[in-house]
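First, one chain by itself in structure tokens, the form predicted on its own.
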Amino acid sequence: MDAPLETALQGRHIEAVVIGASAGGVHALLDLLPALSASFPCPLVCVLHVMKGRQNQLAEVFQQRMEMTVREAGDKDALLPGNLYFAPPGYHLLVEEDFSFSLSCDPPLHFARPAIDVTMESMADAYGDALLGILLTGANMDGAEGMAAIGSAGGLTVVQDPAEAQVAVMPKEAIRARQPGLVLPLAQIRALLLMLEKRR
């Protein structure tokens, strides 16, 4: 049993998880997510920057490796436990107060659409202190403001240890913007997610 992780979760009722990543993110997510079962108790939303013009097969790639249902988020879809949603390419992904998705064609933020900040800020508004936000490897500052918003709303924030990240810019920017609840290597982030499974 990992005492710091148990302490971080103590008294919390996590109802959703959002993960942001950019450069190196696919490898990091493949290290984290296949360990999760179909009975994962929350919806899990991933925003990953994908190079413009490249075909996005994230949902297919991860579905082949996971028990959870994996899909691209669609406009008006309800967020359901045991589902992993990827933000579709070319749209910002937001979560509304009724816990459904909406897609936006607003201009890119930090040169990215979908932008991690947009999704995280909307989920912080919808879920408040019941949200777990995780920011992984990446090469720009997207996600720093989103993680700060989650922290301000009382949610739990976890940043990948920059010393371990394939590209450390994104984790460092998030730590600079607002000290996260935890700074962890991927193995410990995976352990934290597995603890969420066992708590229900």
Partner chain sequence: MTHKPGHSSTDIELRMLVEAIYLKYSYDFREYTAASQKRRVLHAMREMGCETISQLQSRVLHEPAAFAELLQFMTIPVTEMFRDPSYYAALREHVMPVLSTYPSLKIWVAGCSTGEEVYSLAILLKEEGLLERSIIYATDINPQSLEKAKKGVFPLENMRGYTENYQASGGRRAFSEYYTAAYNAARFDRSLCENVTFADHSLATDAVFAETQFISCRNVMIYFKKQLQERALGLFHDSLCHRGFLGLGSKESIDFSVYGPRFEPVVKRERLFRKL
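Numbering follows the first chain given and starts at 1. Remember, predicted model here, so these are calculated numbers, not experimental data.
The form predicted in complex with its partner chain exists for this protein as well; it is not shown, and the discussion that follows is about that form.
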- Item | its partner chain contact at Val118 in the predicted bound form, heavy atom, 4.5 Å | yes
- Message: With a cut-off of 4.5 Å between heavy atoms, is Ala126 one of the residues that contacts its partner chain in the predicted bound form?
- Response: yes
- Message: Residue-level question: is Leu84 within 4.5 Å of its partner chain in the predicted bound form, judged on heavy atoms?
- Response: no
- Query: Any chance Leu94 has a heavy atom within 4.5 Å of its partner chain in the predicted bound form?
  - Reply: yes
- Establish, in the predicted bound form, whether Gly24, Phe62 and Arg71 all lie within 4.5 Å of its partner chain, using non-hydrogen atoms for the distance. no
- Query: Though the partner is not shown here, which residues of 106-123 have a heavy atom within 4.5 Å of its partner chain in the predicted bound form?
  - Reply: Asp106, Pro107, Leu109, Arg113, Asp117, Val118, Glu121, Ser122
